[in-house]
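Take a look at this one chain, the form predicted alone, written out in structure tokens.
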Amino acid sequence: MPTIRIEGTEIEFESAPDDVVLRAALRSGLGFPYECNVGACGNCRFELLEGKVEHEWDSPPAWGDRDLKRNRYLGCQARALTDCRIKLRQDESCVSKHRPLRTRARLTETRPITHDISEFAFMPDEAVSFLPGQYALLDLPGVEGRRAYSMCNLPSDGGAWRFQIKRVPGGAGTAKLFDGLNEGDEVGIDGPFGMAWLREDAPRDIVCIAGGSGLSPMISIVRAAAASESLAGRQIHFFYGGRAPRDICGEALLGELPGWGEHIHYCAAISEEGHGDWPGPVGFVHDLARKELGESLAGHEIYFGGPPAMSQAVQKMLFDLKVPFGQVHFDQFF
């Protein structure tokens, strides 16, 4: 098993031949910087000083010829072929409270939420815990590459990992999930990952902004906040956006929680005009959040998840409002 040594330190860790450098480091309890975990963001880039690696994906979006010339690779894609010496700046915030574990899991339940979002429940072969808001990588049979999906439930939910997933037109991963898996079928599961977990020690009220399958981690966060003694009485504002009325969801799930209507508040918007039967606001969800809370947004702990355009719009809005970076939590994987 190859050994990886971090330059300028005494730190070494082993990486299994079928694992990648990033996740092997996280399994060893190290703070290897990352975000998307699927080759799209480049935050896990490292410099290879000695040894040999190869990428699982030949051409990940966040890696190119310039990186190759500088001997830089992506930790989420690089498998060590030999012992290696690497250079990177560790980030203690990336140390996972629950070390990621690779295991198998069986599909135990599927239920629809909207016309194109369903909840999938998997029971892992080994007990693995996670923090509300984190995600896992699914290795689906017959599908090349892993897919990142956020859990929607609580770690105390009988050991199951539940994911609210939106069907992607033409997407191989969601086609397999929606059309090619039956109860009892097995998948590979690797996790937990992600830094956008619920901060129970934060003193502020909470805002969750979601669109599409960004619903899943936000539901997990609100469920955990509603059950937390340290967050008792905290105001939670949940904003959800979709194109049309049939895309809107989440209110019924939140309505099951203690504090609904008193501490937990829900508001949704659609972005398409022309739906005369829609009783709510029309516009983008980040504009809805700003309209409802205004400048007071800067005084909240903010979590968000959704498609790239929504995520970018929320980030810009929060930057314009000068919301402190430490109060903003999201995972960038698409």
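The numbering used is simple: start at 1 and walk along the sequence shown. Since this is a predicted model, take the numbers as computed values, not measurements.
What comes next is about the form predicted in complex with a small molecule, which is not displayed.
Just one of V187, V168, A224, I113 comes within 4.5 Å of the small molecule in the predicted bound form, counting any heavy atom, and that one is V168.
When the small molecule is considered in the predicted bound form, only one residue from G173, P124, G259, P155 comes within 4.5 Å through any heavy atom, namely G173. Picking from 276-284, 33-41, 64-72, 262-270 the stretch near the small molecule in the predicted bound form, with a 4.5 Å limit on heavy atoms, gives 33-41.
In the predicted bound form, the small molecule stays beyond 4.5 Å of every heavy atom belonging to G159. In the predicted bound form, the small molecule stays beyond 4.5 Å of every heavy atom belonging to E229.
Of the heavy atoms in Y135, some are within 4.5 Å of the small molecule in the predicted bound form. Among heavy atoms of R147, some come within 4.5 Å of the small molecule in the predicted bound form.
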